[in-house]
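Here you get one chain, nothing else, as structure tokens; it is the form predicted on its own.
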């Protein structure tokens, strides 16, 4: 069986989401900053929903230590995560428009790299990098939606993962407590829970549902 056409893909998504909602999704642009356990899962969820444009940003390569929770394969070890995730997304949602930047985000390049996106999704690993991105986005783009993650380590209850509206356009997903340590670790199921919260909040924002 040949690959479905773009019209066939859209028709299938409209059947699941409705014509009006699918049009909103296709007209939206989301930047996913960091393509690890959070970002790779978020990007796939958004692509499956039919978000029109995804901007993938990460500077790292796929490592064996990533395979326990990130959406990569053994055959992709050593590839840049931007390249590897693009491969995955083209198989899942071939008509989603993808821009990929293999670069480390900082205070200097964030204003230019993220200026065209409707929604910015923070999916970094390190607390200091998370804080840098959040602070820079809030300063440079106060009117853009920002969805971030905080606290997904260990084996805590799935019910402690939640979404909270911190400010008018800023949402935080996770338990806001757990941090990675030698004893806590990162488990795919719990990281995916947080990623699902971030992806769902993004979809809600696209649908004009602004409460967490």
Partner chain sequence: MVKINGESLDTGGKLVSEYLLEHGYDLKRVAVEINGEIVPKAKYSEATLKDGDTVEIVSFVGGG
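Positions refer to the first chain, counted from 1. It should be emphasised that the depicted structure is a prediction, and the values quoted were computed from it without experimental measurement.
This protein has a second form, the form predicted together with its partner chain, left out of what is shown; the following refers to that one.
Proximity to its partner chain in the predicted complex, defined as a heavy atom within 4.5 Å, holds among 86, 113, 134, 77 only for 134. Site annotation in the predicted complex: the residue of 67, 186, 26, 45 reaching within 4.5 Å of its partner chain with a heavy atom is 186. Taken together, the three residues 18, 21 and 51 all stay farther than 4.5 Å from its partner chain in the predicted complex, as judged by their closest heavy atom. Using a 4.5 angstroms threshold between heavy atoms, residue 106 stays clear of its partner chain in the predicted complex. In the predicted complex, residue 59 stays away from its partner chain, with no heavy atom inside 4.5 Å. When its partner chain is considered in the predicted complex, residue 127 lines it closely, a heavy atom lying within 4.5 Å. Proximity of residue 156 to its partner chain in the predicted complex: non-hydrogen atoms within 4.5 Å are absent; the residue sits far from the partner.
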